[in-house]
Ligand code: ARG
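Quick setup: one chain, the form predicted on its own, written in structure tokens, and binding and motion questions come after.
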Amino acid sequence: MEEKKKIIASMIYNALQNSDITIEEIESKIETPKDKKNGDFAYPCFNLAKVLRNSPINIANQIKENIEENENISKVEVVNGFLNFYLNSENIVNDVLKGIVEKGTEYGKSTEGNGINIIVEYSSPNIAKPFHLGHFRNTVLGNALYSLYKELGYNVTGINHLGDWGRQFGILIEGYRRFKDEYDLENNPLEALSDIYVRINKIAKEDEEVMNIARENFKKLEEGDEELTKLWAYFREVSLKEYNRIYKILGSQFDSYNGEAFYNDKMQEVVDILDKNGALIDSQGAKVVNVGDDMPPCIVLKSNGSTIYATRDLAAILYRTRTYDFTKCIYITATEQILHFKQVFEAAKHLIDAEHQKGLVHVSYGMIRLKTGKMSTREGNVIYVTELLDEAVKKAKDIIVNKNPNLENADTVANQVGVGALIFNYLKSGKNKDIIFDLDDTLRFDGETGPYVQYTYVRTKSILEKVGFNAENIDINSIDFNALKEKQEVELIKELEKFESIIRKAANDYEPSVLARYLIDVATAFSRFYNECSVANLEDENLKAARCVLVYATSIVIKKGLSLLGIDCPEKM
């Protein structure tokens, strides 16, 4: 589709004959209409009104009159200031199906990112706390972006910036000392540590003496106290063991687990550079960097001389600039941290060069809320991912076995469907949209859900198995794809052609929901095709072969698309 957009942009550019407007500017404005009645592409002429001093409708008509014939375009229409372009279906059918079959599982892959380094920082849970739904959304969003950029050929580094430092460890240490003998730390360490933290945090809120003890604990930890350092290392070790178990289930991958503690010995250089560059100023005893009139200054050192999150984030930026020479460094966190990253990125102007500073990107996402309100580890009202995964898989198995009692590998399929349903549910919504968690809605097996898309893939495999189709034996050049003329066939093929551009858009917009929603569209288009166009019961062998290739191409796109979202496809369901 990107190639067709370039062709259309060139046609408009040549028709305009105006050097003040570039082909790139035209291409950036070309849209894909939601209603297929308005063509395959649309170009709004409103932005040309000021430049050409004419009405959008007149401009659109003039462009249409000057457009030269092109084998790729069957029709051009003017509708209310829009130029609607209809692609030549015969060309699309041949090019798309041959392209998908020839590329196979490589369909959608690109080399555009070769030699370009991108960092994606995601998941980043606070150690000694179980994985909850907030971590889940962060993790699956980051993993999808990691995979999308990989697919586009970028050199991607996935970083899990663990929350493994801070005053909370002083509080946890005190709670551990008091309550550890009351818990099963051997079998459920994170649940135990989380409960200990909730208990001691409530006590510390009401008793200043306990809070002072916690502060002293962390001070000793910062100074390298041997006993407390061993205890901290234990918290980190048991946390990572459990997190990695969950990451394996979710198919998430990381190249670095360097968390906040990693930057303890790297913060002084940050302070020195900021001071040397005249960016560090005194403010009520603290050291801060002014980051503009529209937001508070970025605190680097508190009045007692201690560092904060921002100091460690600045140290990480300096380290990553030197180590990875990134073009983009993408941070994925909740919307609550938008101001924090605005401050940090602005302060980073005094640390690194302009090109790297421009590559700092904060991708925020909305909160996941319970029906009773916001989740809080301190208050203890959270849903843990381990429990959620177990329940989702159990329910998925009940539904699958009820539908197909003789299904082999029912446990494996239940895992693929249950986990996939959860991942898809949190990726199909725009990243900045708040979600009210509802397990029953997440696990629906109809409508706009992961299981629906997975089932569509299973249906394609079933059809191909029934007719004995073998992709390795197919002679793609012997098939006349012009036989595919039905509306449902052409619309499905047009959806499949969008795959490469959808991957690019999802990555460039930092929005995996673009891909998830697209897969729903593909599944829906395939359902219409399946209901109207027979595949197995055909006497016309050429039409049968052409439709088999269409089914096969659909299976490739769905499986590949779900894989990029971190979701496995069962072969049978």
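These figures come from a predicted structure and were not determined experimentally. Throughout, we count residues from 1 along the sequence that is shown.
Just so it is clear, the following notes concern the form predicted together with arginine, a form of the same protein that is not shown.
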query	finding
Residue contact check: Phe341 to arginine in the predicted complex, 4.5 Å heavy atom	yes
Heavy atom of Tyr176 within 4.5 Å of arginine in the predicted complex	no
Any non-hydrogen atom of Gln488 within 4.5 angstroms of arginine in the predicted complex	no
In the predicted complex, Ser124 touching arginine (heavy atom, 4.5 Å)	yes
Of Phe82, Phe326, Tyr309, Tyr452, the one that lies within 4.5 Å of arginine in the predicted complex (heavy atoms)	Tyr309
Proximity to arginine in the predicted complex, single hit among Pro297, Gly366, Gly163, Gly113 (heavy atom within 4.5 Å)	Gly163
Heavy atom contact within 4.5 Å of arginine in the predicted complex, the stretch among 331 to 339, 441 to 449, 347 to 355, 150 to 158	331 to 339
